[in-house]
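This document opens with one chain alone, in structure tokens, the form predicted on its own.
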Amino acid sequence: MKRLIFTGLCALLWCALPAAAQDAATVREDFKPSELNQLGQDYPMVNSQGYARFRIKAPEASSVIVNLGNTVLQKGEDGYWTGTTAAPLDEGFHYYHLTIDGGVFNDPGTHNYYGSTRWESGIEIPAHDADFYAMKNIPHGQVHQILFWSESTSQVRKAFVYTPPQYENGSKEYPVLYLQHGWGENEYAWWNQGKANLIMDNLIAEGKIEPFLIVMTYGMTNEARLAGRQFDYKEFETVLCDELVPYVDSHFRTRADKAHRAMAGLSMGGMETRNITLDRPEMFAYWGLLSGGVYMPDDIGDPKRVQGIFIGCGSKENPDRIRQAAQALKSAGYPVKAYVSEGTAHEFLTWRRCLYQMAPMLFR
């Protein structure tokens, strides 16, 4: 039985390393509440340079630290702890938490997002290219929760299905992308912090893609939720290919054949994608790895097994490996697109951009 052992690969999901440090005197005092804050909460704040400022009420505490840049907050006479990151953070979404007197807590000022195997606080550093995932006054699709029986795991499992704006009114059948999250995340990740539905809505409104469904489900089948424990992807392969795909095809208007089915994933989800697409090439015509490894010609064999390959990562994630793999695949006659997200690491802005780049090549 094949097994994969993950040793902290996706710990990077919550650790947003700051950009080059700047002198505190240069920090602009144009801080505004983060767009992910809970209603009526001013903190955390973000300024135009990407610095983040935090303010936490903990009058009895003796130490408050934010794990973003290991930012140590200072206590004021009013019992509030305040501090600013020593350097700007990378653009995009970041998980974070507080350490108060040795205990780990979430920031009560912001919403929570499942990552690092727990619900974490989230902060958004506005990106210069955020328009492609912005909420706009255009037709919007729906994200449906589905519950399906998994015989192999003897339980009801959950998935979310994005349907495009046109889906609700009509009889057209649509292609499907099965899109997987990373280690420590769950089936909420892609449409919540990943904004996959908004990316799709905007691409469709601009006429840049053929509309398709996206299915997002939990990629684990056992209790291997902590880094270092073993995870058997073959069990998830059974859930996905033999249980979820048939359920989706029978409950949604899909084009239920290989040519109209794709699989992609970020990080651990990319590893799952790589193994499953190679194991089940008869099921998926399009394959996508987002910070999740690469394919090489010897892995695939006959170029006719796949209609399109996408491989991408952030510029801070060893992009040369992506470029070299893409060149090898192109030279061997495989249809491949490579993409490197400039200025990002193992984080959701990388994967948002990857989805934006990958979607137009699917089902053409």
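In this text, all values refer to a predicted model and were calculated from it rather than measured experimentally. Each residue number is its position in the shown sequence, starting from 1.
This protein has a second form, the form predicted in complex with a further copy of the same chain, left out of what is shown; the following refers to that one.
Only one segment in the set 290 to 298, 277 to 285, 258 to 266, 243 to 251 has any non-hydrogen atom within 4.5 angstroms of a further copy of the same chain in the predicted bound form, and it is 243 to 251. This chain is displayed alone, yet in the predicted bound form one of Y174, F93, W191, F236 has a heavy atom within 4.5 Å of a further copy of the same chain; that residue is W191.
Of the residues D131, D101, D78, E206, just one reaches a further copy of the same chain in the predicted bound form with a heavy atom at 4.5 Å or closer; this is D101. For Q142, a non-hydrogen atom is located within 4.5 Å of a further copy of the same chain in the predicted bound form, even though that partner is not displayed. Not displayed here, a further copy of the same chain is kept clear of V46 by more than 4.5 Å at the level of heavy atoms in the predicted bound form.
Although the partner is absent here, G40 lies within 4.5 Å of a further copy of the same chain in the predicted bound form, judged by heavy atoms. Though the partner is left out of this view, I322 does not reach within 4.5 Å of a further copy of the same chain in the predicted bound form, counting heavy atoms only.
Highlighted residues N112, V156 and E168: every one comes within 4.5 Å of a further copy of the same chain in the predicted bound form, counting any heavy atom. Annotation for 54 to 82: interface residues with a further copy of the same chain in the predicted bound form are I56, K57, A58, P59, E60, A61, S62 [heavy atom within 4.5 Å].
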